[in-house]
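First comes one chain, alone, set out as structure tokens in the form predicted alone.
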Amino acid sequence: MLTRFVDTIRQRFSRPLQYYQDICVRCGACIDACHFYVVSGDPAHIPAYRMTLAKKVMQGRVSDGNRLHNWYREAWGQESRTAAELERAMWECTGCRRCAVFCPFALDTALLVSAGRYSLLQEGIGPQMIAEIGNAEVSKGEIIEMIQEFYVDQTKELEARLQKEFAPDLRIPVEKEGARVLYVPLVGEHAIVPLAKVFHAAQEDWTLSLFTATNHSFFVGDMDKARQAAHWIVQEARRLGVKAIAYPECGHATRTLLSFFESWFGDEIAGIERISVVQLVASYLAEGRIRVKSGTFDVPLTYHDPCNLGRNSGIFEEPRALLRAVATDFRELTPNRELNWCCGGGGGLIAAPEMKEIRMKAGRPKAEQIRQTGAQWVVTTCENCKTQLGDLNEHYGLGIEIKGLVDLVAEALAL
């Protein structure tokens, strides 16, 4: 039985979701907008069908919660088949929201996917690993004092290395009170090194966060835990008295920062600017705070708009301005910006090994886009996209290299 799923999704069915369910006319405008459906032809991948499926499951339950109506059984088959279809509908989706762009009513089925994923997990259906990573991100704030000394020591070692390799007076400050910018990285030095170089060149007053920007609870629709994981960062920002929080090249993390922090934290976040490092570095270039060597890269390259940075956060022109400043042969994908095809790796699917096969299938439209440009490099501004594009490169034999935008800017700096 899908008792827990139904009970949970009924509780999560918000007014906007009810509105979407009522107003959707099943016109089919969303069908060809979904990269999953384009390659699979599976009705479970049709955004409007997800609405129908969830509605029938919720309405098909008898009031005592013990079984489904006979008419529902006859129309839709056994519960195991229904559960499998629900799993495909909710989990084989990246939440890219391309369907919402094509919908004449701008209906956002990603809200349903979020509620549906969380509800399915209550039945034990779906990649539990993603939820477990989210739990670890929530727990980190409770043990931060235990790992702080080790983290600071590791950062000092990285600082010393960069002083030898890049600039003798470069600093990677941690726990610096009164800094203007709190930079919240991803796990790994690759997310710190290029920004440390750019911050040094821009003479930015910054400090490195003890936390990371990733928020896997957001992927599984557990918004209470997503808020708690983010709250550690807000508390850190307030304790240090910073003026801005900057998030790294990470799509979903940036979306939580720009789209959810205000509703989650209200006055607690008032007066603190929230910004992507892509926007921040672009502002340095526009204001003359950094200089780059024009034409540093002469290979044909293209830019992949991450769904959460581009379509869902409106960050389109800043990365292009940076690319044009350092590259001589920039080629646009077709389509691009808000119409860009999702790479197929978002929504947390990268973190679920069992999802790789469906990721490769869903990424076929993106692979075809890239091949048509003739580009040798694909540049992007999202960690998940970089991993997915690397996998697509190998799977489809594209013969490309995947690059991070800030990495290229850091390499092209003119000190």
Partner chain sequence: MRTVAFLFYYITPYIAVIVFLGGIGYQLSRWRQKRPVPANLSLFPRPQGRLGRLMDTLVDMFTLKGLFRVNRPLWVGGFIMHLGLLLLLLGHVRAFTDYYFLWDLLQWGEEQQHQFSAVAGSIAGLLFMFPLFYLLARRFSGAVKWLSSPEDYLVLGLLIAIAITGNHMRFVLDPDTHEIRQFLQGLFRFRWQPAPVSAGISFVYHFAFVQLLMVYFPFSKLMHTIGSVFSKMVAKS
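Keep in mind that this is a model prediction, so the values were computed, not measured. Positions refer to the first chain, counted from 1.
This next part talks about the form predicted together with its partner chain, which is not shown.
With respect to its partner chain in the predicted bound form, the three residues F199, H231 and G241 uniformly fall beyond 4.5 angstroms at the level of their nearest heavy atom. Although the partner is absent here, Y49 sits close enough that one of its heavy atoms falls within 4.5 Å of its partner chain in the predicted bound form. Not displayed here, its partner chain is approached by P16 to within 4.5 Å at the level of heavy atoms in the predicted bound form. By the criterion of a heavy atom within 4.5 Å, D22 is counted among the residues contacting its partner chain in the predicted bound form. In the predicted bound form, its partner chain sits beyond 4.5 Å of every heavy atom of R371. Of the candidate stretches 165-173, 233-241, 262-270, 116-124, only 262-270 contains residues with a heavy atom within 4.5 Å of its partner chain in the predicted bound form. The listed set V181, A325, I192, L107 contains one residue whose heavy atoms approach its partner chain in the predicted bound form to within 4.5 Å, identified as L107. For the partner-free chain shown, G310, R311, N312, S313 of 285-313 come within 4.5 angstroms of its partner chain in the predicted bound form, judged by any non-hydrogen atom.
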